[in-house]
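Structure 1 and structure 2 below are the same protein chain in two forms, each given by itself as structure tokens.
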Structure 1
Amino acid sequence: MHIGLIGLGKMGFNMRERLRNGGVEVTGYDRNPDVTDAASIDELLAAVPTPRLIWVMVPAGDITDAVIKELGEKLDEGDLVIDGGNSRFTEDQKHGELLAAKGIHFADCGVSGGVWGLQNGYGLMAGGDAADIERALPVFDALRPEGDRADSFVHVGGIGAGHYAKMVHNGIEYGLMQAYAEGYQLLASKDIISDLPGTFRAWQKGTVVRSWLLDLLVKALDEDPGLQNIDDYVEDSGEGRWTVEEAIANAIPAPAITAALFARFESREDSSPAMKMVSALRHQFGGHATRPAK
């Protein structure tokens, strides 16, 4: 199988390598000449055999809009576009309608795995027509971890469903990180605790709170035991906000996720050991930028 991949940043660059390792031929395009395979989108489209499968992995919003519109003008009937970025599900539906008017197929895919996806594989949540998802299964199988497909891949539903599931996934992630971070601050503030990193390390096997995030928390403390080199300013990528907005729109109580989002807002005003840990965790799993300690 031979696909085109537009966007070779933190995620797309590693995804290209994992796809190639999984037997999928990839022609990638990025504005960065140091990483791109093709000099332009036109050159990429000429290299990929028809009917084409083009995976878009660029920042959500205006950049994704521009790429989808350009593809709509240049692709042929029967080609398939998959948006694997973090677009809002409502944008997927607009993009699907735009491309469908030209006979071009569209699917969306939420991708989780961060900077560790190359090594560990990615969790995938796809939305779109069943035939389009079936057509792209070799790509999904190359990206996901080894083992049963159902453990790391799901066809969630129609267009937009994949990104909706990923949005809720990220909302849950907000709550989990906040709980670990608040626990960290409680332990760090108590003078009877003499081995803080060891406490978290001892939770990694056998306890009900063990998780990959906990493993990354331990890694963060190994690298910077007192989190002295990191500021407590924490960004939010948008999906946490969208999750809270959806909860409000559907009258679904989501107090933990909402509180975690508000805590990130608060981090931009006051010093907080808990928010230093949230910032450290975001850097560990996603390579998100941190700010140096003040």
Structure 2
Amino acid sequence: MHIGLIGLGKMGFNMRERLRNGGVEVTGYDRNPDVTDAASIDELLAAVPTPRLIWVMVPAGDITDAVIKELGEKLDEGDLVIDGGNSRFTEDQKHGELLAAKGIHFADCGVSGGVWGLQNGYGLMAGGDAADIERALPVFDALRPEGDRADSFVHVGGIGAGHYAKMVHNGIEYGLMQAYAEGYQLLASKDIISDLPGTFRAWQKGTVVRSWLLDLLVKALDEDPGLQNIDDYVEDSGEGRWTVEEAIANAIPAPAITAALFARFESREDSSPAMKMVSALRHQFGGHATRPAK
């Protein structure tokens, strides 16, 4: 099998290597000349045998949109595009229709595993028609960990379902990280805990909270036991927001995931206008002193 892979960033670069290790021939394209195989998308399309399978692995939003529109103009009937990035599931349905109008097939695939995927394999959630998913199975099999396919790959449903599942996966991930992080702060603030990194380490086998994220937490404390070198500013990349928006759209309470999202927002504020107002109100009714702004 020989596929095209557009996007060789942090994720795509590693995926190309894992695919090749797994026996899939890959022609990759990236704007970065140091990593690209093809000089242009046109050159990539010329290199890949038809009917083509083109895996798109570029940043969600405008860039994915532009790449898929370009492919819509350049691909042939019967080709298959798989968006493996973190697109919002609502985008998939638009992209599927756009390509279908030209006889081009489309599927979406949520990919989890981060920088460890090269070594461990990626967890994959695919959305699309059964025949398209079937056709891409050799690619999925090369990307995922060894062992039972069902433990690391799922055909979730129609177009968009893979990214929906990945969005929820990331929402859960926010909640899990927040839970560990709150526990970390509780332990780190208590004098009677004299072996903080050792406590987390001892949770790795046997306890109910053992997980891969816990293993990474232990690794992080190995590298920097008091997290001295890390600021508390935390970015988000969209999926957490979308998860809460979906919760709202479907009238589903999601308080823990939302708490995790808001904690990130708070982490980025130098000063909270809301809490200035609470301070101002306490001063107004109770004569409580306010602190002068820094």
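Residue numbering: structure 1 sequence, from 1. In this text, the rigid core denotes the largest set of C-alpha atoms whose superposition between the two forms falls within 1.5 Å. Quick caveat, the model's predicted, so the values are computed rather than measured.
The first of the two structures is the form predicted alone.
When two forms of a protein are overlaid on their rigid core, residues whose CA moves 2 Å or more are considered shifted, and K10 is not one of them between structures 1 and 2. Relative to the superposed rigid core, G286 undergoes a CA displacement of at least 2 Å between structures 1 and 2. With the core fitted, the CA of M277 sits 28.8 Å away from its counterpart between structures 1 and 2.
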